[in-house]
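So here's one chain in two forms, each on its own in structure tokens, numbered structure 1 and structure 2.
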Structure 1
């Protein structure tokens, strides 16, 4: 009886049952409907009871496995608080499971929360953009044949330099786009800057975009031309695609204090990535911070055989600390995990960031196209990669000390517990 009372306190739906109107609809509004509504590429809408009811058993399975909403972090280790956390709590999962097990009742419609409204602005995870820019021309991908890599270009309608607060890239036809990396070709780039530009951001399926911390951004210069490093694949019929990038800016004249950089950590050299048939393989990569740094975001990148990735800090006293760990990576969702302000890692110069990637090339990996194949580094989905993108802000000694001091009164641990 005591155990039952405890469960009731934690999961009230266990005692009173759950229905759609009162219990499930609020969860769907918070965590699901931004993707699952009419007019999106998702296979179903979850806005109304009639939308959701036919999918009840599938919904139960996906949320119980924590496949949906897409959030693949191991919640038992590392940092626990993120700005863009869309995951369900244990209580929310229990509510949905109870609802389905009870026959997925609708309940009293009067208990429904006020419905959300979805407009063209809602298609962007970052929110309403201040500026949209797209490729100059559409690209036609042939119906059959090998993957294709090509550069596409586009101009930006800026009359003055602006500081970026958030940005997000989308293809018009994601069915044929493997990924796109955007480079800014600046009109007055310093000597030594590659003619191909400096990396700005990237699109990979399922990415929520880049949202920068307060008082942190990237400079976008007037006259910049964008280069889209594109990777296409054929799907059996001729398809067209164009790319659009959405920007949110700081107000005109506002210059954020910190400039953020996107840095990849990977194994070197890349061609040493080897994943033999029917095997689980670990790969390591390292990056030494030459300056004091604040880590703002963590984004793993692997392909179909990717299983998990951990980022840890090797400290100056030779101890280690896990920062973040993805334990059920999904190639269909390249999530940029954005740390909450009060727990984003603050690391002194000399700290070594250690990436640990795990690939599963066995039949146990349901996304594995062929467990009998030897796999190495490559651009195609059937090849593989292992790297993690991190958003880094460098701090001088005074700024670093000030950031550490600001954290002390809050007594917040890395995990936020």
Structure 2
């Protein structure tokens, strides 16, 4: 009995049943509607009861598997707090499952939360841009056929180097764009930088640009060419699309104190990857921090056989700590997991970052197009990759010490003592 009461406390829906208006609509507002509303590329709107009802079975399945909302971290290990966390709690999942199992009842309309309003599509979430740049050419997507991955390019009209404060990229026709990843091909990139450029930002439904912390930015160099790594899908009629990127800069002459750098950690020897048929393969990569660092974000990159990726820190005292681990990777989603300010890893120079990638080339991987194929490293999505991008801010010794101090729990004393 006691256990039942406890369960009811945690999962109120267990005792009282769940209906759309009272129990489910608030969850959809928080976690689904930013993507699932009319005019986006999602398969359906989840705004009204009538929108959601026909999808009840599929909703239960996706939510219970933690495929939706897209957030693929193992929540039981590593750092737990992320700025862009849109995942559901166990209690929210239980409520949705309960609702579907009860026949997906509507409940009383009077219980509905106030509806959200969605900003018109021509507004930039980062605010008024200082500079816009777009792809050279429009892309024509056929009416029918498989998804299409293709690179598009564009220039930026910059007469001098500028520091980015915020940026946002978006398609003219979101109905056919699954996602787009934007890369900067710099005119004078240091040796070792991939020719395909360094990652700047991306578009995916539900992503609203990147706004850097105060006094923190990224340098955009004059002469940079942009590569848009596009994923299109067909919707039954021919469509065209171009991409636009909006930048907000620090004022001319202002150099933010902290520079965000995007560092890829890949496997060693570089890019040697072999995934035999019907096998699960683990690959390791290492990166030694030569300076004190704060890690702001973590983004795994693999292709269709990608299953999991873990980033851990091998510390100076030879202990190892898991920072983040994705345990149900989905190639359709390029998620940048952004650490909350009070838990972003602070790692002294000499710390070794360790990436562990797992590829599943068996039939158990539902995204695997062909478990009998040998798969190696390559750009095509039927080839594979293993790398993690981390956003790093370097700190000098004084800044590092200060950042560590600020994290220490404050001593609570009674007044007057």
Ligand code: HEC
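Residue numbers count along the first chain shown, from 1. Please read these numbers as outputs of a predicted model, since none were measured by experiment. We call the rigid core the largest set of C-alpha positions that still match within 1.5 Å between the two forms.
Between the two renderings of this chain, the form predicted on its own is found in structure 1; structure 2 comes from elsewhere.
Residue displacement note: residue 224 has its CA displaced by at least 2 Å between the two structures (rigid core superposed). If you fit the rigid core between the two structures, you'll see the Cα of residue 168 move by 2 angstroms or more. In this overlay on the rigid core, residue 98 has a C-alpha that sits less than 2 Å away from its partner position between the two structures. Comparison between the two structures places the CA of residue 184 4.8 angstrom away from its other position, after core fitting.
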